[in-house]
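Two separate entries follow, structure 1 and structure 2, each one form of the same protein chain as structure tokens.
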Structure 1
């Protein structure tokens, strides 16, 4: 009976993994297929030869290709810039809320409520503002827009991590001559590193997957991967091979980051879950 109890959960997990990972596997395999193979009937699961033509066409800069390499470069610049700004500014604000009760409980909750604000409602004002200050079609415009909507999430999440740390550690540092900023830099931040990593990873994913602002605020100089993928769907033809190739490229950074930072990510997501 005990053996059955161990086997059944494992079997259910394997079925769930097969169900949710099948579309991803199909997309990766499609990226190596020729046009004849991905239109084959019945569907062809494995390509006869792993052809890199779709990747070459997808990555090459226009007019020779679809601009996937430019999209990868621009997406990385915007996601990294927005994540860095969000984590730095948000951590400082969260520390103020957690330790000094800045604005009381109402202000911190109001910050969180701004995350519920629909981004589409601010699309036109942001467009007019960036046009006025000549930031349209620049990396900075998207970095600012993404940072604005990532900040409430970062502040609220980091506030919880800071509140879980005992104040005795900071008070001891202050007695030893540290300033509040020194205590934050030398004592608090190293202790909440897993929380910083988890928060930064989520901010990176939010910025990496953002579509609406990327479509509205960019033209030709800046094009993210989320904008390039829809451009491969035309009125008379859908370039499924290039779509699959760009989609495969788009999921790689998130997978790599989650794998490399797995140790910190698990600790960050469970930080404060067990109370002594």
Structure 2
């Protein structure tokens, strides 16, 4: 009886791991397969060899003329740009909310509520606005769109991190003649760095994975990896190997950060509603 008790949960967890990892593993394996291998019936689990032909093809000679490396570059520029902007603007506001209750509870909750806004509802006005000011199909368009959608997230997460810090240290600094800004820079920021890094990495991933705005606000000049993947699948001849290679590159940051961020994941994914 006790043997069964111990074996069954373990087996169930193994099945769960298999279920949640299989699609990812299958894509990674496909990225190494040749055309005959990924069209094989019955399906072939392991590729014959792990050469990087699909990666080279997808990055250097994209099937549709633009892709691969350009997508990697565009995704990076946009994710880094919007992360920097939202972390700087957001942490300042978060500090204001946490320490001075600027605007009272209503203002900070209004900020949070903007996060719930359905993106598809703001896509059309943004599209028309950006068309008017000639921002369509630029990095800036997506940096702005992603910054706005990440701001409420950054503010709420950072607000929680600031509130976790005891006030005594800042007060001591103030009494010793430090200015408020000096106290923020010399005392608070160093202490809150882990939270700041976690928040930044989260917004990086959100922008990196973002798809709808990238699809609607850019076209030829700028194409993120998330836009390239479905654009390659849409055609009549699907180059599974190459798409899988692009997809594999696209999921690397997420997987790395899931490991690094594990301590903060609960907090991050619930907008600070549940803390770990």
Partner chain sequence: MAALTSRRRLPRLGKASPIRPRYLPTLLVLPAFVVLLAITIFPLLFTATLTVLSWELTTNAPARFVALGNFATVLFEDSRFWNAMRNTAVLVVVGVGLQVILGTGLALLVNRVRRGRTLIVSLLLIPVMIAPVVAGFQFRMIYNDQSGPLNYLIGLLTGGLWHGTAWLADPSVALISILLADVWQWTPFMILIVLAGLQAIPEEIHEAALVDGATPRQQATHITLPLIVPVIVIGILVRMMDTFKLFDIVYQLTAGGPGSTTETIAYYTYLQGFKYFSLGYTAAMAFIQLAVITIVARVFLGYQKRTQNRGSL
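The model shown is predicted, which means the values in this text are computed figures rather than measured ones. Each form is matched to the other, and the largest set of C-alpha atoms that superpose within 1.5 Å is called the rigid core. Numbering follows the first chain given and starts at 1.
Of these two forms of the chain, identify the one that is the form predicted alone. Number 1 is right.
Is the shift of residue 221 between structures 1 and 2 large enough to count as movement, that is, does its C-alpha move by 2 Å or more after the core is superposed? No, shifts by less than 2 Å.
Flag for residue 212, CA shift 2 Å or larger between structures 1 and 2 after aligning core: For residue 212, whose C-alpha is compared between structures 1 and 2 after core superposition, the shift is less than 2 Å.
Enter the rigid core superposed C-alpha shift of residue 254 between structures 1 and 2, rounded to one decimal in Å. Its alpha carbon moves by 3.1 Å.
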